[in-house]
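A lone chain, given as structure tokens: the form predicted on its own.
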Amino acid sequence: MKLITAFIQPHKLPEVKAALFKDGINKMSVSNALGCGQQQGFDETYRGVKHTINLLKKVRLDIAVNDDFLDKAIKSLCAAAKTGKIGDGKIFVTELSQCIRIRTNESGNEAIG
């Protein structure tokens, strides 16, 4: 079992969800996030005062998958989220030691579904 954590641009979320659903991956958590990477933000002037905006809006997806879905999920994420420009995001994969479905007390691969 693996936990995929992806940070993507907010406007790419509908495309990413559609690509994942097409590949049979429809269980995920989505949250808003702020962060910066190579973009390092931008400068903006508001009412004559210059502001540096260095935390940009991103969307965080957390997806728990069984090992046989890992490559499929990563390929779908990359294909749907890619614009070819700086700021497309990152994908992190970590080992998931345990998963328990609260409703049924199932654990392991069965709990992920």
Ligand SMILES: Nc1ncnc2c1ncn2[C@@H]1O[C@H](COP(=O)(O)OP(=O)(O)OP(=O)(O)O)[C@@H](O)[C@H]1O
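Since we're looking at a predicted model, the values are computed, not measured. For every residue, the number given is its place in the sequence shown, counted from 1.
Below, we refer to the form predicted in complex with the named molecule, which is not included among the displayed structures.
Contact annotation: of the candidates Cys78, Cys36, Leu70, Val30, the single residue with a non-hydrogen atom within 4.5 angstroms of the named molecule in the model of the complex is Cys36.
Within this chain, Asp88 lines the site of the named molecule in the model of the complex, having a heavy atom no more than 4.5 Å away. The named molecule is not drawn, but in the model of the complex it has no heavy atom within 4.5 Å of Phe21. Residues of 11-29 include none with a non-hydrogen atom no more than 4.5 angstroms from the named molecule in the model of the complex.
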